[in-house]
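One chain comes next, on its own, written as structure tokens: the form predicted alone.
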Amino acid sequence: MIETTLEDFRPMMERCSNCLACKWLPYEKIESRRFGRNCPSAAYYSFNTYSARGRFHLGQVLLDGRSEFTEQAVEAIHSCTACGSCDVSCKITRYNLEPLAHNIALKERAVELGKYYPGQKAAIDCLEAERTMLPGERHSARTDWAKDLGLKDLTREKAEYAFFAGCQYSFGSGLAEKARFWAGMLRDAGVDLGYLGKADMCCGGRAKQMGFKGAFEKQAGANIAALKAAGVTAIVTPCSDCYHAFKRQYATLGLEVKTLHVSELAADLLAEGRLKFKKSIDMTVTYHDPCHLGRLGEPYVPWDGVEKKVLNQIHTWDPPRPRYAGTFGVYDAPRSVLKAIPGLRLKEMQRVREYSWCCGAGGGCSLSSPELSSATASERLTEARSTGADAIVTACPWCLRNLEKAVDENGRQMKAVDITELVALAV
């Protein structure tokens, strides 16, 4: 049985052994104490309730009626960035807990009771009215980025790939041009590409991260219907949140269309010689792995089983349950694209791949906990600067927006770059 309500997680609440691995990288992966932490909220608030272990205990006392959804409890619940780092460390330390799913279930219960923040409500209201979670934007302008590109409108024509820009790349200042670049480049490389036209709308993935389950399912249902009607064999997107939504969240609802991030398709085109970099970029960069493209970007594996104990002691599932430890996320494709750019030098941070430190924008925290969000981005810039890089590169618009307005622990900014910008300069 896959847990769907807070009550379903009670066995896990009781099983958590308080090892506190959810606060740190797996110990063999820690290169320094300075950059050894993994949970943004536990690090920022420095109190156990804000860790995965603390939230397991919080869920238990809420179900038992020993506590209520107080202001502090609601803060602890909504300050989870849904980055999944605790989930990775937990699954390496042990195998029978799902802390990220539990954290989201806690958020869903809080939302059911009306316990959320005005910024979150504004985003959900905009999703309902304009089919985007960016307040102030209008659906009528959503596909302006596609004008004069000659892409197929999938509501009228057929194509192999659906290009899904996502909200930030559809509306964001300076980002819509990047959506145009990717779509035009893929078209010129011979990719049979279309877009959803008037049917294009928000993936709703962030609504799920924030605990607004009903809003997410409504968006997912509409998008799944549109994609099935379009008859595409694959979705390609430049947004890591959209990637995760289609790859993992929609898959649980029955979507069976292949999902690719643009970096994956670009890496394939480079290998095939259909994309070539002709210009040199003299720059040293470090790459930030987006949570929803990396550790949360693993393929969904259907499962239907039961919980059991061996000799009434050793917990297990029958059949064995999929173990999402972040290993098979999208890590190599963006790095291979960067390494293929002449003159560009890549230096890695200490926390990379499935152990990457979150940018702080996930889980709606930029709306519910802006101070936490800023502090988390600051921590990442501090780590990035320690590599000696000139700029931090990412493949997620939400990460980009959070990192480019942040300062490190010494109050200094660092150039934040979308991978699109470097590809565009190199072709």
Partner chain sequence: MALEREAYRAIEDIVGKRNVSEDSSVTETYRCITSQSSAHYGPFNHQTPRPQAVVLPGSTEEVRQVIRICNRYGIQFKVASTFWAAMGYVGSDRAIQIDMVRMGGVRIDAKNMMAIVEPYAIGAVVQVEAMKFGLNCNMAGVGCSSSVLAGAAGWMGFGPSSLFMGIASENILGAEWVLPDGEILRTGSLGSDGSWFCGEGPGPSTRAVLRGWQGSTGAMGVCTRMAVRLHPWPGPKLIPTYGEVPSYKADGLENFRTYTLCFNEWEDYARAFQLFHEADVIYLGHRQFNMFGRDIKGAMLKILVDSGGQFSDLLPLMDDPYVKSENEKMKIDVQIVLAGLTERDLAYKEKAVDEVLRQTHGWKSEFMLDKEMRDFVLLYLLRLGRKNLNYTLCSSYEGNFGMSSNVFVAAPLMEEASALKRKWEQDTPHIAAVGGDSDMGSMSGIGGGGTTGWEFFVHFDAYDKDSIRGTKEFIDDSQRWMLSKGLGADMGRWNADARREDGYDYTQEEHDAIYKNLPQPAIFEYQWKVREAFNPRHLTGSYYRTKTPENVK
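Residue numbers count along the first chain shown, from 1. Because the structure is predicted, anything quoted here is derived from the model rather than measured.
The same protein also exists as the form predicted in complex with the partner chain; that form is not shown, yet it is the one meant from here on.
Contact with the partner chain, judged by heavy atoms within 4.5 Å in the model of the complex, is confined among 358-366, 22-30, 384-392, 397-405 to 22-30. Although the partner is absent here, A245 is not a contact residue: none of its heavy atoms lies within 4.5 angstroms of the partner chain in the model of the complex. Remark: S280 does not count among the residues lining the partner chain in the model of the complex, judged by a heavy atom distance of 4.5 Å or less. Shown alone here, G166 lies farther than 4.5 Å from the partner chain in the model of the complex, counting heavy atoms only.
By the criterion of a heavy atom within 4.5 Å, C83 is excluded from the residues contacting the partner chain in the model of the complex. Contact annotation: of the candidates G194, P334, G326, P99, the single residue with a non-hydrogen atom within 4.5 angstroms of the partner chain in the model of the complex is G326. With the partner omitted here, the residue from R138, K121, K276, R94 that has a non-hydrogen atom within 4.5 angstroms of the partner chain in the model of the complex is R94. Of the residues in 130-162, none comes within 4.5 Å of the partner chain in the model of the complex through any heavy atom.
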